[in-house]
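Next comes just one chain, in C-alpha cells: the form predicted on its own.
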C-alpha cells in the first residue's frame, strides 16, 4: 500500500458502504482531540491488513480521528436492535465512526472503525466518548479471542485522548481502533425491516452476500441460503465461546455480527470457577445472557434476522415463514454437534460418538459441584488429573470411564496429551488480571502490564517460565463479579 504525506491528503481506505442507500449511515467526521497519545499499536495486525506505516505521529493522528482528509467520507452506521428482549428501533453507532475498509493481500475487505470518537446522530443522550478502561479491556479480550482461534473483531490501536469522560465518576478517555470483517449486524437488518422498503432490503442483502458469502449469490434462493450461512456462523461461534468458558454478557441483536465474529466487548469475561449460571453484565438482573443461555439466545437472534428478510425468502409470507422455520429448527442439532466436536477434543476424543455427550456433561457437573476452575481443569486433564484431591470417588469414577474411552482410540497418551494441549489454553485474560492492567494504566499511566499480559495471551498454549501470576485463580478479594460496557 502506498502512502503519501499529510500535505498530499493520503487516505488508505475505501468505503463500499457508500453504495448502500444513505438511510443506512450518517456521513460525518470524528471529533478532534487536543492531546492524543498513542498507547498501543498492533503491528502484527497492521501487517495482516497490508497497512504498513512507521510514522507514529501519523498513526496517532489517524487513529485519534485528528487526521481525516476533507474529501474522505467517514460514516456512522444505522441499526436497530433487541436489547435484553426489548426492541429499540433507533440505535446505530452512537460513539463509533467507520473510517473505511482496508484490503488484505488476498483482496478481502476489512472494516476499520474508531470507537469513542465523538457524538453522532445516533448518540441519543450519550457523549460519544469511551473511557480508557473499557478500551483497554476490549483490546486485551479481542486479542485473546484471536489467539484462541475464536472468530472475533480485532484491535488495531489504543489512543488516550487526554480528555475526561464522565460516568459514575470522572475517567480518562480513550479511542479504540477496531477491525472487523464488517459491522453488519442482525440489528442492521431489523433497521431495514422497519423501513418497510423491499428495494432497500434487497440492496442490503445483496451487499451482504457479495461481502461475506459470494458463493451463494447464484443459488436458486440466495436469501434463504443467507439465513443458512448466518446460522452456520453463529453456531460455530457460540460453540467456540462455550468451549473456552467465555461469556459475552450482552447478546443483543445489535451485538450479533452477520459475519459470525465476536463483536462489542463490554461486560464480557472468561469464567474462573465453572458455573453455568454465571452472569457478568451489571444490568443483566434476570440472567438472560448467562453462560448457559448463550446458545438459545443466539438461536433467538437468528430468528429475528429471519423475520427481517422474510419478504425476500418468498413472496408468500406463509411459505417464507415455513422455509425459515425449517432452517432455524435445525439450530439445536447443528450447535450440539459443533459443541460436542470441540468439547470432545478438549478431553482427548478425536472422533465424537453419541455416548460421549454423557461423559462430557458428567465432567461439567463435577466441575460445577466442586467449584473447579474451567480453564485449569481442562489443562490438568492433559496431564491425566482433574484436581490434586485424590479421595473424591465421583472424580475417580469419571477418570476411570475417561481412561477407558480414550484408550479405545489406540493412541499413546503422550500423543493424546499433545493434541489436548493445542486446544486447552494455560492462559486466559482473567478478570482480576485485566482489572490490574487497567488500574495501572489509569492510575499510574503505566502501560507495561498491558504489554506483559498481551505477550502471554497471544501464546496461550505454551508454558512460560515463572507464569504463576498469569495462571493463578483470583483470591476472594480479587474476584470480579460484574463488568461494564463503558457507555
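Residue numbers count along the first chain shown, from 1. No experiment lies behind these values; they were computed from the predicted model shown.
Absent from the display: the form predicted in complex with a small molecule. The rest refers to it.
Trainee: In the predicted bound form, does residue 295 come within 4.5 Å of the small molecule, counting heavy atoms only?
Mentor: Answer no; every heavy atom of residue 295 is more than 4.5 Å from the small molecule in the predicted bound form.
Trainee: Does the small molecule get within 4.5 angstroms of any non-hydrogen atom of residue 129 in the predicted bound form?
Mentor: Yes, residue 129 is a contact residue.
Trainee: Going by a heavy atom distance of 4.5 Å, is residue 167 a contact of the small molecule in the predicted bound form?
Mentor: Contact check for residue 167: yes, within 4.5 Å of the small molecule in the predicted bound form.
Trainee: Can you check whether residue 123 is within 4.5 Å of the small molecule in the predicted bound form, heavy atom basis?
Mentor: Result yes; residue 123 sits at the interface with the small molecule in the predicted bound form.
Trainee: In the predicted bound form, does each of 133, 439 and 452 have a heavy atom within 4.5 Å of the small molecule?
Mentor: Heavy-atom distance to the small molecule in the predicted bound form: none of the three under 4.5 Å.
Trainee: Please identify the residue among 377, 190, 182, 255 with any heavy atom within 4.5 Å of the small molecule in the predicted bound form.
Mentor: None of the other options qualify; the answer is 255.
Trainee: Taking 4.5 Å between heavy atoms as the contact cutoff, choose which of 274, 241, 79, 280 touches the small molecule in the predicted bound form.
Mentor: Selected option: 79.
Trainee: Within 4.5 angstroms, counting heavy atoms, which one of the listed stretches 296 to 304, 84 to 92, 321 to 329, 387 to 395 is next to the small molecule in the predicted bound form?
Mentor: Residues of 84 to 92 come within 4.5 Å of the partner.
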